[in-house]
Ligand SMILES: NC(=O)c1ccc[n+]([C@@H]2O[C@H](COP(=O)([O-])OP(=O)(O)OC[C@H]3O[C@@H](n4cnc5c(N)ncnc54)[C@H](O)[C@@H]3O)[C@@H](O)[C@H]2O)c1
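In structure tokens, one chain follows: the form predicted alone.
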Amino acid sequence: MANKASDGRLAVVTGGGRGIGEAIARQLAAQGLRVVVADIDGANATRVADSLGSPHVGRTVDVADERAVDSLFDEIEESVGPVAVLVCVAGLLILPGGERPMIKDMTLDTWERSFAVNTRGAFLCSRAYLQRREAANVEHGRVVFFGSVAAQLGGYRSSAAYIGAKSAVHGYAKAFAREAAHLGITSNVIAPGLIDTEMLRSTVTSSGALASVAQNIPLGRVGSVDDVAAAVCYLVSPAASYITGDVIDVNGGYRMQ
């Protein structure tokens, strides 16, 4: 891949304070990108950025808040530099009482909050990015959204609200790809399968249950955050310049097209 230590492009990773987002921030930094680790938990964002060292920085943002997102991009563009790469990882799965809510019992608040973070957040961040790139474009612009295998299969452990929100992201990313194509900016979706994260562990009751889940995956294991981060690193590289509007499955064969 045409990733070099001298890449120097600036990347914003939302949800970068832990889990998949943190792994992506670390791999992008290792490939020479300057990373803004953005997270609703500012302490976690700062922790990750500090561990990466200069020139990486942490920022606090609620991706569901329009004013907060616009302020974040204004500040980054002014004090850090033009954003070339946006990775929208920030997401939310609400499990009241630790259980998957059924549609007949689901509250409107659960539905609205799921869409606010998973879908509205992706829209607000990508809109802020696109507005600034329309005004001043950069080389090798990339946007990576996060969907889910749950959106493709109807889900087994995820709620209908999460499935609906992630399905919307899948469609939105294609619309974004068409509208950003004239700038040479690509837009793709990563659809993780069963990945060993806090979110997955919140849906299983024991390590034994997690091992049982792996039996349904052809490659015989639950995925790691680094598996997902590696796919993101390819999509944001110059080598992936002819891939846009696509959904990339990272699921060990759990779902095959």
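Numbering starts at 1 and runs along the sequence shown. Remember, predicted model here, so these are calculated numbers, not experimental data.
Unshown form predicted together with this ligand; subsequent notes refer to it.
- In terms of contact with this ligand in the predicted complex, the residue from 52, 195, 231, 213 that brings a heavy atom within 4.5 Å is 195.
- Between 162-170, 100-108, 72-80, 176-184, the stretch whose residues reach within 4.5 angstroms of this ligand in the predicted complex through a non-hydrogen atom is 162-170.
- Residue contact check for residue 85: none of its heavy atoms lie within 4.5 Å of this ligand in the predicted complex.
- Using a 4.5 Å cutoff between non-hydrogen atoms, residue 117 counts as a contact of this ligand in the predicted complex.
- Within 4.5 Å of some heavy atom of this ligand in the predicted complex lies at least one heavy atom of residue 62.
- This ligand is not drawn, but in the predicted complex it has a heavy atom within 4.5 Å of residue 147.
- Contacts of stretch 87-117 with this ligand in the predicted complex, defined by any heavy atom lying within 4.5 Å, are made by 89, 90, 91, 113, 117, listed in sequence order.
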